[in-house]
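Shown next as C-alpha cells: one chain only, the form predicted on its own.
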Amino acid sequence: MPFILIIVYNIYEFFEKMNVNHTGLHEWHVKHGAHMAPFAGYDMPLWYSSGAREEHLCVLTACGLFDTGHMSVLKITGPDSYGLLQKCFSRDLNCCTGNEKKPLSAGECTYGVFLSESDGGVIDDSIVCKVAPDVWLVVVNAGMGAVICRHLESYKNSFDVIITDLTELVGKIDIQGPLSGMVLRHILSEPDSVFEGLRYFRFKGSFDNDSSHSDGVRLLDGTPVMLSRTGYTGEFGFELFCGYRNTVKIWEALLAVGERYSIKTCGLGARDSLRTGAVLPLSHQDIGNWPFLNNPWTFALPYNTEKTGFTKEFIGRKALENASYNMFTCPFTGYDVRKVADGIVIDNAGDVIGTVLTCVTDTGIGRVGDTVYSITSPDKPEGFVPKGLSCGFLKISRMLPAGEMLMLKDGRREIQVSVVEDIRPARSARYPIEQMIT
C-alpha cells in the first residue's frame, strides 16, 4: 500500500473510533476480555470467555448480567405529556393493562411502537413508563434517542411538554434468569418492600437522587436505582437504571454477590438468541420501515375488542388503515442448530415466497419427536439434554398455518424449518416474584 494511502487509512480509522460511543462499562469489558464489536454506534461486548452458548444457557438456569447502557432514555414532563404520548405512541395509554384494559397507572410500563405517519412503518419500538401523570420515561433502542426526540418534537405543537434526552446521564444493567431476585436481595437495602407487588411490566424507584417520585429503592450504600421487570430475554429478571457514574460499582456488586449463584456476564450474542426464542422482535430488523401489520406483535396496536378498528387516534393510524400490505411475519423453528444468513424462503412447490429476517440458534431447546422442549420445561422427558435449534422470523407473501414446512436457503446451505406460533416453551418472565425469590 502506498505510504500516502496508509496515512489516509490510519486517519480514517482514528476518526471511525472517535465516532463510536461507549457505555459506562466499556473499559470493564475490554479489561475482562470481552469480544467487542460495533453495534448501533456503540462498541459493545458480543460474548465473553465462556461463549454465547453458555451465556444463553446460564440465563435459562441461573442468571446473566447484560450491559444495556446503549439504550436511550427520554423523559417527557409537563401537563400535556400524556396527550403527546397518546398521540404519538401506538398503545392506548387509557386502556392497555390487564384483562380489563385499564389505564396505565404510575409504576406501570407498556410496550409499543412509534410509527411513521406516511406509511405506518416502525421508527422504533419502545417501553413507556408512567412515573406520574405529568412525568413519563420512554426507553428506546441504541442510537434512537435523538430520532425519537425529533419525532415527538415534530408533533409537539401546542402541547405543554418538555422532552429531555437522558441517554448520556443514565446507565442501565439487566440481570436476567431465575436466580436474579436472589442476587438482588443481597444488594438492596430493603429487598422485601422493593419486591412486594413488583409484577411483570412494573417498576419502582428512580435513578434520580432528587426525584420526588422515588419510592425508596436504594442499594445498601444508598445509591438510588429504578428497578423494572421488562426484560428482553423472555426470562424472569430485572433492569436497573442508575446514574451513569454508578454503573461500574453496581455491575461489580452484582458480580461479587452473583458468584454463589453461578452468574455470568453476557453479551449481545446471547441477548439476540434469548430474545428470538422468546418471540421478541429486533427493531429495524424484524419490524421496520414497512407497515406494522400482519406480525406477531400487533397487540401493540390499540385494537378494539373485536379487532375491527382502533380505540384512539394516533400517528400512523391512517396509513395502517389504508395500507394494501400483503406480507406476513411469522416465527419458525428448525430441526438442528444450523442457521442461514440473509436467506430466502422456499415453499413446498419450490417457489420463493419471502426472506429471512432473523435466524439464530436457541441453545436451550431441542426436539423430542414433534415436540420442542426447553431445558426448563417441567414436562421434559427424563434425561433430556437440549442440543439447540435454529429459530427466528420470516417475512413471507402469504399467511401460513403452524406446522407448515419450508426451506430456508442462502449461498452456503439449505435448512428445513416449520412455521410455529411460539418458540421456547416454559419461559419465566411472567412468573410471580414471590415464586422466584424464595
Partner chain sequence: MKDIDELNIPENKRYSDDHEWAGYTGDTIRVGISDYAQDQLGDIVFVELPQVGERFEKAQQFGVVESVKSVSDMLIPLSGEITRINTELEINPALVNESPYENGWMIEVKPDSNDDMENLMDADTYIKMLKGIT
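Positions refer to the first chain, counted from 1. Quick caveat, the model's predicted, so the values are computed rather than measured.
There is another form of the same protein, the form predicted together with the partner chain; it is not shown, and what comes next is about it.
K.L.:
For the chain seen here without its partner, which of 26-34, 392-400, 64-72, 376-384 has a heavy atom within 4.5 Å of the partner chain in the predicted bound form?
P.N.:
Single hit among the candidates: 26-34.
K.L.:
Which residue, Asp208, Asp347, Asp272, Glu117, has a heavy atom that falls within 4.5 Å of the partner chain in the predicted bound form?
P.N.:
Going through each option in turn, the one that passes is Asp272.
K.L.:
Looking at Arg218, Arg338, His186, Arg367, which is the one with a non-hydrogen atom within 4.5 Å of the partner chain in the predicted bound form?
P.N.:
Selected residue: Arg338.
K.L.:
Check Trp47 for me: does it contact the partner chain in the predicted bound form (non-hydrogen atoms, 4.5 angstroms)?
P.N.:
Result yes; Trp47 sits at the interface with the partner chain in the predicted bound form.
K.L.:
Is Cys58 close enough to touch the partner chain in the predicted bound form, meaning at least one heavy atom pair within 4.5 Å?
P.N.:
No, Cys58 stays farther than 4.5 Å from the partner chain in the predicted bound form.
K.L.:
With heavy atoms only and a cut-off of 4.5 Å, decide whether Arg53 touches the partner chain in the predicted bound form.
P.N.:
Arg53 belongs to the contact set for the partner chain.
K.L.:
Looking in the predicted bound form, any heavy atom of Thr110 within 4.5 Å of the partner chain?
P.N.:
No, Thr110 is distant from the partner.
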